[in-house]
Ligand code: RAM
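Next comes just one chain, in structure tokens: the form predicted on its own.
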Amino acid sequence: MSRRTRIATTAVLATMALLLGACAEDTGAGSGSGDAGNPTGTIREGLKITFLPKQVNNPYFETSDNKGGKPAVEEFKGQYAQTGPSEASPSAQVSYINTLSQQGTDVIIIAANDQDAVCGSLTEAKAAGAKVITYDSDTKPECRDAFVNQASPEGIARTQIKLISDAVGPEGGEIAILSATANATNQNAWIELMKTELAKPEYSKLTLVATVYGDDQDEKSFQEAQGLLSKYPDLKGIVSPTTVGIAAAARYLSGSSYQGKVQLTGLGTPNQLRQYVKDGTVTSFALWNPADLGYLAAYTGAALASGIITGKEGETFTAGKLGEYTVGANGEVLLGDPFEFTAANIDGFDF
């Protein structure tokens, strides 16, 4: 091919590219619908991304949203916001979803208090053009575009039963579960899997005698922990798979005659439990880094809204400093395995 021919061909291709680009703009392609595709993997600037936690002013969600989600949104030059109810009731999030939809929010990132109560409003938000990401606690798959899971339910259940077994010791005994709300999707899934784990031969000496709910409220969780010891004086351990519950239970045990006699583990944050690990109330507990969870949720939402992924199994995207992730079955993106905190490592973390 001659040089003149190459120049002419290049000019024609450039003109075609411009025309195709103009057509894409005219038809709305590239607006973040996720249908047109985005082979460059570039996140669209200016995306309005709002986090809707189970409840605001909860230390766990303050970390995931404001220390994880917000920095991520700032990295790709989006608009960050957090909103939500002050109490984690099943239907409390519905009005917030409706408002965000009316405001034209590009991405709604929600930790669902109830998998059914929010489905109708989330479906309407999707129809209005918003991408819906669940994190921490999922809805039914059809009600959202992707679910950013902090760890596999099996891994969480397996870790918590192992920790309580190690803490109680080989003699075993009665244990109880102090959960969040009775409708929390993630909590219920973990509890069922913990029961499955307890059925294994290695845990035959552990007996689950009760499951109670503190509704992710500090005072109620404190009272439920107190009630467990009153009703089951031979109790050897408590598993609390909620940051509010485990902190409240630790506070109760540390100031009672049960300290060191009744073991406590579950899911908590280092800053909440540091003093209780050091005074011997808690030997070990587990969690993922909630800031990483919020960070990954923000990038997942941005990838969807920018057309980099559509939420189909096998798709990949890059989540900033966390690296590459692959979308799994039912639109699930897995952060990783739980991490065990003990007296030996807890001072290395600040969240």
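All residue numbers are counted from 1 along the displayed sequence. Values in this document were obtained by computation on a predicted structure and should not be read as measured data.
This protein has a second form, the form predicted together with alpha-L-rhamnopyranose (RAM), left out of what is shown; the following refers to that one.
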{"query": "Output flag, 51, 130 and 295 jointly within 4.5 Å of alpha-L-rhamnopyranose (RAM) in the predicted complex, heavy atom basis", "finding": "no"}
{"query": "Residue 262 within 4.5 Å of alpha-L-rhamnopyranose (RAM) in the predicted complex, heavy atoms", "finding": "no"}
{"query": "Contact test in the predicted complex: residue 287 vs alpha-L-rhamnopyranose (RAM), heavy atoms, 4.5 Å", "finding": "yes"}
{"query": "Any non-hydrogen atom of residue 150 within 4.5 angstroms of alpha-L-rhamnopyranose (RAM) in the predicted complex", "finding": "yes"}
{"query": "Distance check, residue 114 to alpha-L-rhamnopyranose (RAM) in the predicted complex, heavy atom within 4.5 Å", "finding": "no"}
{"query": "Which of 242-250, 219-227, 121-129, 274-282 lines the interface with alpha-L-rhamnopyranose (RAM) in the predicted complex (heavy atom within 4.5 Å)", "finding": "242-250"}
{"query": "In the predicted complex, the one of 136, 197, 106, 145 near alpha-L-rhamnopyranose (RAM) [non-hydrogen atom within 4.5 angstroms]", "finding": "136"}
{"query": "Contacting member of 164, 191, 180, 97, with respect to alpha-L-rhamnopyranose (RAM) in the predicted complex [4.5 Å, heavy atom]", "finding": "180"}
{"query": "Residues in 58-94 with any heavy atom within 4.5 Å of alpha-L-rhamnopyranose (RAM) in the predicted complex", "finding": "58, 60, 61"}
